[in-house]
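Single chain ahead, written as structure tokens, the form predicted on its own.
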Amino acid sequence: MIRNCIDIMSSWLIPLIIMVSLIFGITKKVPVYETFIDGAKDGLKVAINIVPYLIAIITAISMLRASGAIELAQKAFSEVLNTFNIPVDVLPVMIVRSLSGSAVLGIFSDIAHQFGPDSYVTKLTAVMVGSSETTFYVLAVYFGAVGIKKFRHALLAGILADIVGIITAIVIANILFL
């Protein structure tokens, strides 16, 4: 019953928001179509401005994967990770999560396919994916879109938040799933 109600509400929510926005704009005598076109033009300008930042992030992720740096890090940190009951297969998520959400979802998909949905590795990875942010992507896209070039304090805060998120995910997963 509740699920059906939620399904119905979710299928009507976006059309309802669009209709309310149109009606509100018309009643306030806003040129709705022209305003929409101006917004689309601004969006296109932003998209063009952030392309170099996106290319840099994609290149960095591709280099990490192709160079074997992630596998080397897995071998180097395997004993330390095992000490804290962290499967070595989760390390790529820890490394890539700050760079790209889609890349980490691909890694998560591989882990879930390899170990199964009910395994500790998959559950830990899921908690990690949900408890951290794509810091470098956010800095590149949002700061690049508005032309901010000095973001060292935001970078430090983002990396610290990612580290806290990863540590918290490990603690929570150990409490809930072991």
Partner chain sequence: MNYIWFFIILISVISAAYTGKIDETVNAIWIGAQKSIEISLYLAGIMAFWLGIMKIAEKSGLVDIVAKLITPFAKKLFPDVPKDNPAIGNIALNLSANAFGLSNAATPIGIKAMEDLQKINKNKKTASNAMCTLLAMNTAGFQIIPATVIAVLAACGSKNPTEIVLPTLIVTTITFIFAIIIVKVLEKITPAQLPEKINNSEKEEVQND
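Positions refer to the first chain, counted from 1. Only the largest set of C-alpha atoms that superpose within 1.5 Å between the two forms is called the rigid core. Keep in mind that this is a model prediction, so the values were computed, not measured.
Note that the form predicted together with the partner chain isn't included here; everything after this is about it.
**Q** Against the partner chain in the predicted bound form, would L178 count as a contact residue? Criterion: heavy atoms within 4.5 Å.
**A** Taking the distances in the predicted bound form, the answer for L178 is no, it never comes within 4.5 Å of the partner chain.
**Q** How about L72 - does it come within 4.5 Å of the partner chain in the predicted bound form, if we only consider non-hydrogen atoms?
**A** Yes, L72 sits close enough to the partner chain in the predicted bound form that at least one of its heavy atoms falls within 4.5 Å.
**Q** In the predicted bound form, does I95 come within 4.5 Å of the partner chain, counting heavy atoms only?
**A** I95: no contact with the partner chain in the predicted bound form.
**Q** With a 4.5 Å heavy atom cut-off, would you call L105 a contact of the partner chain in the predicted bound form?
**A** It does: once the partner chain is placed as it appears in the predicted bound form, L105 has a heavy atom within 4.5 Å of it.
**Q** Determine the residues of 144-169 with a heavy atom within 4.5 Å of the partner chain in the predicted bound form and present them in sequence order; the list may be empty.
**A** Contacting residues: A145, V146, G147, I148, K149, K150, F151, R152, H153, A154, L155, L156, A157, G158, I159, L160, A161, D162, V164, G165, T168, A169.
**Q** Please say whether, between this form and the one not shown, the C-alpha of T168 moves by 2 Å or more once the core is aligned.
**A** No, its C-alpha moves less than 2 Å.
**Q** Core aligned, does the CA of M19 move at least 2 Å between this form and the one not shown?
**A** Result for M19: yes, a 2 Å-plus shift.
**Q** With the core lined up, does the C-alpha of G68 move 2 Å or more between this form and the one not shown?
**A** Result for G68: no, shift under 2 Å.
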